[in-house]
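Here's a solo chain for you in C-alpha coordinates, the form predicted alone.
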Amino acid sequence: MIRVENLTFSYPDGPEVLSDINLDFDMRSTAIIGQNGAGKTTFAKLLKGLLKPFIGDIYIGDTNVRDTSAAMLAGKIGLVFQNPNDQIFKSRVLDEVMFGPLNIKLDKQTARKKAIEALKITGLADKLEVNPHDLSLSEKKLLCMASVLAMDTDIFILDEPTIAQDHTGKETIRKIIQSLKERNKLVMTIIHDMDFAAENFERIIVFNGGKAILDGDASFVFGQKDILQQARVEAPAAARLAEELGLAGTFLTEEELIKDLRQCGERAQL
(Lines give C-alpha, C1' and ligand atoms only; values in the text may rest on other atoms or scores of the structure.)
Protein backbone atom coordinates (compact mmCIF):
# COMPACT_ATOMS: atom_id res chain seq x y z
CA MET A 1 0.00 0.00 0.00
CA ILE A 2 2.97 2.32 0.60
CA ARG A 3 6.37 2.28 -1.10
CA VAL A 4 9.21 4.51 0.08
CA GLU A 5 12.24 4.81 -2.20
CA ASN A 6 15.55 6.49 -1.31
CA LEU A 7 13.79 9.00 0.95
CA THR A 8 15.95 11.79 2.35
CA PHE A 9 14.56 14.88 4.07
CA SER A 10 15.81 17.94 5.89
CA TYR A 11 14.08 21.10 7.07
CA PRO A 12 15.26 24.40 5.53
CA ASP A 13 18.80 25.27 6.69
CA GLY A 14 18.83 22.24 8.97
CA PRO A 15 20.62 18.88 9.09
CA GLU A 16 19.18 15.74 7.52
CA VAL A 17 16.28 14.35 9.53
CA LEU A 18 15.84 11.24 7.39
CA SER A 19 18.48 9.60 5.22
CA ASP A 20 18.01 7.06 2.42
CA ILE A 21 14.88 5.32 3.74
CA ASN A 22 13.67 2.37 1.66
CA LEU A 23 10.56 0.62 2.96
CA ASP A 24 7.51 -1.21 1.63
CA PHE A 25 4.35 -1.34 3.74
CA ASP A 26 1.86 -4.16 3.22
CA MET A 27 -1.22 -5.00 5.27
CA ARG A 28 0.68 -5.87 8.45
CA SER A 29 0.01 -3.50 11.34
CA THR A 30 3.27 -1.63 11.87
CA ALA A 31 4.83 0.24 14.78
CA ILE A 32 7.70 2.65 14.21
CA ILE A 33 9.82 3.05 17.33
CA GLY A 34 12.93 4.98 18.32
CA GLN A 35 14.13 7.81 20.50
CA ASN A 36 12.93 11.41 20.18
CA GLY A 37 14.66 12.99 17.22
CA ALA A 38 14.96 9.73 15.29
CA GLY A 39 12.73 11.12 12.51
CA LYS A 40 9.53 9.17 13.20
CA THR A 41 7.01 12.02 13.23
CA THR A 42 8.65 13.68 10.24
CA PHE A 43 8.33 10.37 8.40
CA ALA A 44 4.61 10.19 9.20
CA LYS A 45 4.07 13.75 7.95
CA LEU A 46 5.86 12.85 4.72
CA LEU A 47 3.57 9.84 4.24
CA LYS A 48 0.56 12.07 4.79
CA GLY A 49 1.81 14.64 2.29
CA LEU A 50 2.17 17.41 4.87
CA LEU A 51 5.87 17.55 3.93
CA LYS A 52 7.54 16.80 0.60
CA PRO A 53 10.65 14.61 0.15
CA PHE A 54 13.96 16.39 -0.37
CA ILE A 55 15.28 13.37 -2.26
CA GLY A 56 13.41 10.19 -3.16
CA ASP A 57 9.78 9.23 -3.59
CA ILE A 58 6.78 8.01 -1.60
CA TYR A 59 3.98 6.15 -3.34
CA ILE A 60 0.56 5.70 -1.76
CA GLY A 61 -0.82 3.01 -4.01
CA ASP A 62 0.00 4.37 -7.48
CA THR A 63 0.08 8.00 -6.35
CA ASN A 64 3.43 9.75 -5.89
CA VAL A 65 3.16 12.04 -2.88
CA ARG A 66 5.36 14.55 -4.71
CA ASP A 67 2.63 15.04 -7.31
CA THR A 68 -0.32 15.57 -5.00
CA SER A 69 -1.38 17.41 -1.84
CA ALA A 70 -2.37 16.41 1.67
CA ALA A 71 -5.94 17.41 0.80
CA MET A 72 -5.95 15.06 -2.18
CA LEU A 73 -4.60 12.24 0.00
CA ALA A 74 -7.17 12.84 2.75
CA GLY A 75 -9.48 10.10 1.51
CA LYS A 76 -6.65 7.53 1.44
CA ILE A 77 -4.54 8.18 4.52
CA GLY A 78 -5.46 9.55 7.94
CA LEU A 79 -3.03 10.84 10.56
CA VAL A 80 -3.84 11.32 14.25
CA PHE A 81 -1.36 13.88 15.59
CA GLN A 82 0.61 13.37 18.78
CA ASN A 83 -0.77 16.60 20.24
CA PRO A 84 -4.55 16.75 19.73
CA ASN A 85 -4.52 20.52 20.24
CA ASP A 86 -2.70 20.75 16.89
CA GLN A 87 -5.61 18.98 15.21
CA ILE A 88 -8.76 20.24 16.94
CA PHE A 89 -10.26 23.51 15.71
CA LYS A 90 -14.07 23.26 15.89
CA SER A 91 -16.20 24.38 18.84
CA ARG A 92 -18.41 21.28 18.99
CA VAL A 93 -17.40 17.61 19.14
CA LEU A 94 -19.83 16.52 16.43
CA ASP A 95 -18.67 19.27 14.07
CA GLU A 96 -15.05 18.28 14.68
CA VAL A 97 -15.67 14.69 13.61
CA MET A 98 -17.93 15.63 10.69
CA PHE A 99 -15.32 17.95 9.20
CA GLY A 100 -13.22 15.17 7.66
CA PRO A 101 -16.06 13.32 5.92
CA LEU A 102 -17.46 16.61 4.62
CA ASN A 103 -14.00 17.57 3.38
CA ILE A 104 -13.83 14.43 1.22
CA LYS A 105 -17.20 15.38 -0.28
CA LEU A 106 -19.59 13.11 1.63
CA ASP A 107 -23.07 14.55 1.96
CA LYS A 108 -24.05 16.02 5.32
CA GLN A 109 -26.36 13.16 6.33
CA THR A 110 -23.73 10.51 5.61
CA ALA A 111 -21.03 12.58 7.33
CA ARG A 112 -23.17 12.90 10.45
CA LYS A 113 -23.89 9.15 10.48
CA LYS A 114 -20.22 8.26 10.14
CA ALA A 115 -19.25 10.81 12.79
CA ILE A 116 -21.71 9.41 15.33
CA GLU A 117 -20.57 5.85 14.61
CA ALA A 118 -16.94 6.89 15.16
CA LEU A 119 -17.81 8.67 18.41
CA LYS A 120 -19.58 5.54 19.66
CA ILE A 121 -16.47 3.46 18.90
CA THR A 122 -14.27 5.88 20.83
CA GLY A 123 -16.67 6.19 23.77
CA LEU A 124 -17.54 9.84 23.15
CA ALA A 125 -21.10 9.48 21.87
CA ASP A 126 -22.45 11.32 24.92
CA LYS A 127 -20.38 14.43 24.17
CA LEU A 128 -21.74 15.53 20.77
CA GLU A 129 -22.46 19.09 21.91
CA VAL A 130 -19.38 19.53 24.11
CA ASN A 131 -16.63 21.98 23.16
CA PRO A 132 -13.60 19.79 22.31
CA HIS A 133 -11.34 22.10 24.30
CA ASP A 134 -13.29 21.19 27.43
CA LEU A 135 -12.37 17.51 27.08
CA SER A 136 -9.51 15.88 28.96
CA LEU A 137 -6.27 15.17 27.08
CA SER A 138 -7.13 11.47 26.79
CA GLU A 139 -10.60 12.32 25.43
CA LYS A 140 -9.07 14.77 22.94
CA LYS A 141 -6.82 12.00 21.65
CA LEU A 142 -9.84 9.74 21.20
CA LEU A 143 -11.73 12.57 19.51
CA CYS A 144 -8.96 12.95 16.94
CA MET A 145 -9.11 9.20 16.33
CA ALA A 146 -12.86 9.49 15.79
CA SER A 147 -12.25 12.26 13.24
CA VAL A 148 -10.06 9.93 11.17
CA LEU A 149 -12.24 6.85 11.72
CA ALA A 150 -15.22 8.76 10.32
CA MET A 151 -13.32 9.24 7.05
CA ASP A 152 -12.83 5.47 6.65
CA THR A 153 -9.38 5.80 5.08
CA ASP A 154 -7.45 2.73 3.95
CA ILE A 155 -4.37 3.83 5.92
CA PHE A 156 -4.59 4.93 9.54
CA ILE A 157 -1.53 6.43 11.30
CA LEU A 158 -1.47 7.06 15.06
CA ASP A 159 1.25 9.27 16.55
CA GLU A 160 1.75 8.28 20.21
CA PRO A 161 -1.82 7.02 20.74
CA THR A 162 -1.36 5.87 24.35
CA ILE A 163 -0.14 9.17 25.79
CA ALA A 164 -2.42 10.21 28.69
CA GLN A 165 -4.48 7.02 28.37
CA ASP A 166 -5.41 4.89 31.36
CA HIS A 167 -6.13 1.17 31.09
CA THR A 168 -9.66 1.80 29.78
CA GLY A 169 -8.42 4.22 27.14
CA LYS A 170 -5.72 1.83 25.99
CA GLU A 171 -8.24 -0.98 25.76
CA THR A 172 -10.49 1.22 23.60
CA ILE A 173 -7.56 1.97 21.29
CA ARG A 174 -6.59 -1.71 21.17
CA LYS A 175 -10.12 -2.61 20.06
CA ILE A 176 -10.08 0.12 17.41
CA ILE A 177 -6.79 -1.19 16.01
CA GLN A 178 -8.09 -4.76 15.96
CA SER A 179 -11.29 -3.67 14.22
CA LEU A 180 -9.32 -1.78 11.57
CA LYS A 181 -7.09 -4.79 10.93
CA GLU A 182 -10.13 -7.02 10.54
CA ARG A 183 -11.43 -4.57 7.92
CA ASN A 184 -8.17 -4.84 5.95
CA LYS A 185 -6.93 -1.37 6.85
CA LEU A 186 -3.22 -0.63 7.19
CA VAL A 187 -2.68 0.55 10.77
CA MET A 188 0.59 2.26 11.64
CA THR A 189 1.79 3.93 14.80
CA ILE A 190 4.68 5.98 16.08
CA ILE A 191 5.05 4.98 19.69
CA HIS A 192 7.27 4.90 22.78
CA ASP A 193 5.02 2.42 24.61
CA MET A 194 6.86 -0.82 23.85
CA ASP A 195 4.38 -3.03 25.71
CA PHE A 196 1.47 -1.69 23.64
CA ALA A 197 3.48 -1.97 20.42
CA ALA A 198 4.44 -5.59 21.13
CA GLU A 199 0.89 -6.58 22.03
CA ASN A 200 -0.89 -4.94 19.09
CA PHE A 201 1.44 -4.61 16.10
CA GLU A 202 2.79 -7.38 13.88
CA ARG A 203 5.73 -5.49 12.37
CA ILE A 204 8.21 -3.26 14.18
CA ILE A 205 10.57 -0.78 12.47
CA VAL A 206 13.33 0.85 14.51
CA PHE A 207 14.46 4.35 13.54
CA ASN A 208 17.74 5.76 14.77
CA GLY A 209 19.53 8.87 13.55
CA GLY A 210 17.15 9.28 10.63
CA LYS A 211 17.65 5.73 9.34
CA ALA A 212 15.56 2.56 9.54
CA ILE A 213 18.08 0.25 11.22
CA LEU A 214 15.87 -2.75 12.06
CA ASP A 215 12.69 -4.16 10.53
CA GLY A 216 10.80 -7.38 11.15
CA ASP A 217 8.09 -9.09 13.15
CA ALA A 218 7.80 -8.13 16.80
CA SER A 219 9.42 -11.30 18.19
CA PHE A 220 12.44 -10.89 15.93
CA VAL A 221 12.96 -7.16 16.52
CA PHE A 222 12.60 -7.27 20.29
CA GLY A 223 15.10 -10.12 20.38
CA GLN A 224 17.84 -7.96 18.82
CA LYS A 225 19.24 -6.58 22.06
CA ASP A 226 22.40 -5.04 20.63
CA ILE A 227 20.57 -3.05 17.95
CA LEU A 228 17.88 -1.94 20.40
CA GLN A 229 20.60 -0.73 22.75
CA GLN A 230 22.20 1.19 19.89
CA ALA A 231 18.85 2.89 19.24
CA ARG A 232 18.32 3.40 23.01
CA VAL A 233 15.06 1.48 22.89
CA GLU A 234 13.96 -0.93 25.61
CA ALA A 235 12.27 -4.24 24.91
CA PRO A 236 8.79 -4.81 26.39
CA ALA A 237 8.64 -5.41 30.14
CA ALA A 238 7.86 -9.12 29.67
CA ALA A 239 10.98 -9.58 27.53
CA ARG A 240 13.18 -7.78 30.07
CA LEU A 241 11.81 -9.81 32.97
CA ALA A 242 12.25 -13.07 31.07
CA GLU A 243 15.87 -12.18 30.42
CA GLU A 244 16.43 -11.50 34.12
CA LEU A 245 14.90 -14.89 34.93
CA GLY A 246 17.21 -16.57 32.42
CA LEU A 247 14.42 -17.79 30.15
CA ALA A 248 15.15 -18.58 26.51
CA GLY A 249 13.21 -16.87 23.74
CA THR A 250 11.58 -13.47 23.36
CA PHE A 251 8.38 -12.78 25.29
CA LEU A 252 6.14 -9.94 24.13
CA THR A 253 3.35 -10.03 26.70
CA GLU A 254 2.74 -10.92 30.33
CA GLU A 255 0.42 -13.69 29.18
CA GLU A 256 3.20 -15.35 27.16
CA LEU A 257 5.60 -15.12 30.09
CA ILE A 258 3.12 -16.49 32.63
CA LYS A 259 2.22 -19.38 30.31
CA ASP A 260 5.89 -20.31 29.91
CA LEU A 261 6.54 -20.10 33.66
CA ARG A 262 3.56 -22.38 34.34
CA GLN A 263 4.81 -24.88 31.79
CA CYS A 264 8.24 -24.78 33.40
CA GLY A 265 6.62 -25.44 36.78
CA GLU A 266 4.58 -28.35 35.41
CA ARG A 267 7.69 -29.90 33.81
CA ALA A 268 9.57 -29.54 37.09
CA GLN A 269 6.87 -31.50 38.92
CA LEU A 270 7.07 -34.45 36.51
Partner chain sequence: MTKIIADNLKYKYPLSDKLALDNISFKVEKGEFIGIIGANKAGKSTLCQALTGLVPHFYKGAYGGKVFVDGLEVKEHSIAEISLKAGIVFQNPFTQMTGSKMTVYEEIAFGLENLGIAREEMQKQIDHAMELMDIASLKERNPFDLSGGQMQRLAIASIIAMNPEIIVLDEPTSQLDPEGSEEVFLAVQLLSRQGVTVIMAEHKMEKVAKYCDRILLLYNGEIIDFDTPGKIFSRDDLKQYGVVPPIFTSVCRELGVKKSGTDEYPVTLEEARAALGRKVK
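Just so we're clear, the structure is a prediction, and the values are computed from it rather than from any experiment. Residue numbers count along the first chain shown, from 1.
One more form of this protein exists, namely the form predicted in complex with its partner chain; it is left out here, but the text below deals with it.
Not displayed here, its partner chain is approached by residue 257 to within 4.5 Å at the level of heavy atoms in the predicted complex. Interface residue remark: residue 163 is counted as part of the site for its partner chain in the predicted complex, having a heavy atom within 4.5 Å. Contact check for residue 23: every heavy atom lies farther than 4.5 Å from its partner chain in the predicted complex. Mapping the unseen interface onto this chain, residue 108 falls outside it, with no heavy atom inside 4.5 Å of its partner chain in the predicted complex. The partner is absent here, but in the predicted complex a heavy atom of 245, alone among 27, 227, 245, 55, sits within 4.5 Å of its partner chain. Comparing 200-208, 214-222, 28-36, 56-64 against its partner chain in the predicted complex, the single stretch with non-hydrogen atoms within 4.5 angstroms of it is 28-36.
Using a 4.5 Å cut-off on any heavy atom, the residues of 110-142 that reach its partner chain in the predicted complex are, in sequence order, 136, 137, 138, 139.
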